[in-house]
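Take a look at this one chain, the form predicted on its own, written out in structure tokens.
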């Protein structure tokens, strides 16, 4: 791609200042069609004759460093006789602080642009303008830009020192067509309040924790400044709180020109609910700033509703958590010095994600990067794209390589995702066998395991569940998914079937007792427990002994309610779902959360924070509970043999603890919905299906064609 174009950059490394690469040209004939094909190392913001080109925020997106996506834009109606194309570059994911290399470690890596403007005239002639030595460069008004630290823009800055560009010897072979969704602007949210904190800080409250940027509106004199800081929460005294952002400065600085003006950042984003106004040249009003939500352009497909206002708020928080963290990659959080594509978070939430939104294209792109960044030994980085570290792999994180492709296949019915990822799935199993000290178990390695489990020993982030047991269980589970995927693709899976049986036998021999809630959950959900009734009772007893409270972390929580309802304890599952006291899903809701918290006790009952260094208030993983509501409470289930909702099982499990529950998913086949509600001493079920479906009500099966049904 772009074979005639060259990578060009500012002639010297600009640090975190953003250069502009530009070219002026004339089009003297009547234009039929004009297309700009462009990409960059770093992020680009391109304009033609002062007008922004396209709506892709932070283009060309976050990918493995081994490939860069290319975008094409129709610019036919943007051209005139005299034209100037300008491209402002930031380090973005390529070399900003979000990239583990850091600009100081690789001073000779320059952010650079490559492009071609192809013009076809109505007389049939064609012309191409490619990036080469003929382009020019200057410094821009974006004086500083970094995802972690924010943006500084000087509206008074004009650089008259035009310089030539530097041609960079970057490989055009890393260029690939756009694969993922564009990141675009979505909602615009007006403030709900402006107030002074006890410390005298002026704070704007948008009422919603969100990911994105904002637009300011100000009347000022040249040189006056707007300065903002950002926060998700206030402290127990009501003051502005930023310690959980860690080293991320998360600042915004705007130097004004004369008169009325507006501005929105070009190359940075923040995770925030509150803005502290450090400087503002005039009175701050509710019209002075509007928040702009930014995330991948994914379509909403799933909706949940119940008779409980608290539960409905939880459902909304799950949606906002997904929007805030599906910004080109499935980030763990959008605010602190992290914002990375953690594989563990992605795999536990994948099913919920695929019901809430159409994420097929989103995950295809991310899984492609997972496969690219996977080590030769089969190890899967804990973060994809691999911007950090040395590719360390662990159970439940590396298993994203098997779990996510299978779930995307189930939800959308597209075999291509399995064809593309199958070799990666198999390599992951080889990695486990290579690293383990035991042939049919995964032992002797380090893992995140049940991360943030509440039964963690003092001073540890990791729950008390046995690492070797959890790792071996995931080894078994991933093997089962390789078998399923192989059968779909017509591959021979005999060796994996034999491997599965040996792993299961070895686990049952080695791990005969389960000592934590998470161990019981995994043993039940992965089919390990030889006596499911006994293990289910043990799990139920553990939960009840804690006052009907969960103790699970990242690996146990997603399957907790499933393990209960699948084994005769659906009412206890509802008790956990509806629990309002700490720890619970509704505890954070009652504490005023508008997204999902990283910790069950991100803020405790005294208003104190869990920690300073790892306490995100927009961390979507525990929102995985929504898949239980879709699939068990409302009973909407996919069928392995008929993916993409070609055939469906709908088996709702109602409760007297709620008046009603409703779920709907816009599938590839059409709308499927399931609602139950209490009516006159009975339960009424209203079900709509786009496909042949088995409906199970009180144990009785009804095989129906597409349509709407009432029971």
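Please read these numbers as outputs of a predicted model, since none were measured by experiment. Numbering follows the first chain given and starts at 1.
From this point on, the text means the form predicted together with a small molecule, which you will not see here.
Engineer: Assess the spot marked by 336, 397 and 614: is the small molecule within 4.5 Å of a heavy atom from every one of these residues in the predicted bound form?
Structural biologist: Yes: each residue has a heavy atom within 4.5 Å of the partner.
Engineer: Would residue 91 count as touching the small molecule in the predicted bound form under a 4.5 Å heavy atom rule?
Structural biologist: No, residue 91 is distant from the partner.
Engineer: Does the small molecule get within 4.5 angstroms of any non-hydrogen atom of residue 342 in the predicted bound form?
Structural biologist: Yes.
Engineer: Would residue 448 count as a contact of the small molecule in the predicted bound form, using a 4.5 angstroms cut-off between non-hydrogen atoms?
Structural biologist: Residue 448: contacts the small molecule in the predicted bound form.
Engineer: Give a yes or no for residue 349: in the predicted bound form, does one of its heavy atoms lie within 4.5 Å of a heavy atom belonging to the small molecule?
Structural biologist: Output for residue 349 is no: heavy atoms all beyond 4.5 Å of the small molecule.
Engineer: With the small molecule left out of view, choose which of 554, 475, 363, 585 has a non-hydrogen atom within 4.5 angstroms of it in the predicted bound form.
Structural biologist: By the 4.5 Å heavy-atom cutoff, the listed residue in contact is 554.
Engineer: Given that the small molecule is left out here, which of 627, 598, 146, 369 has a heavy atom within 4.5 Å of it in the predicted bound form?
Structural biologist: Filtering the options by heavy-atom distance leaves 598.
Engineer: Which one of these stretches, 448-456, 272-280, 485-493, 83-91, sits within 4.5 Å of the small molecule in the predicted bound form when only heavy atoms are counted?
Structural biologist: Looking at the partner contacts, the answer comes out as 448-456.
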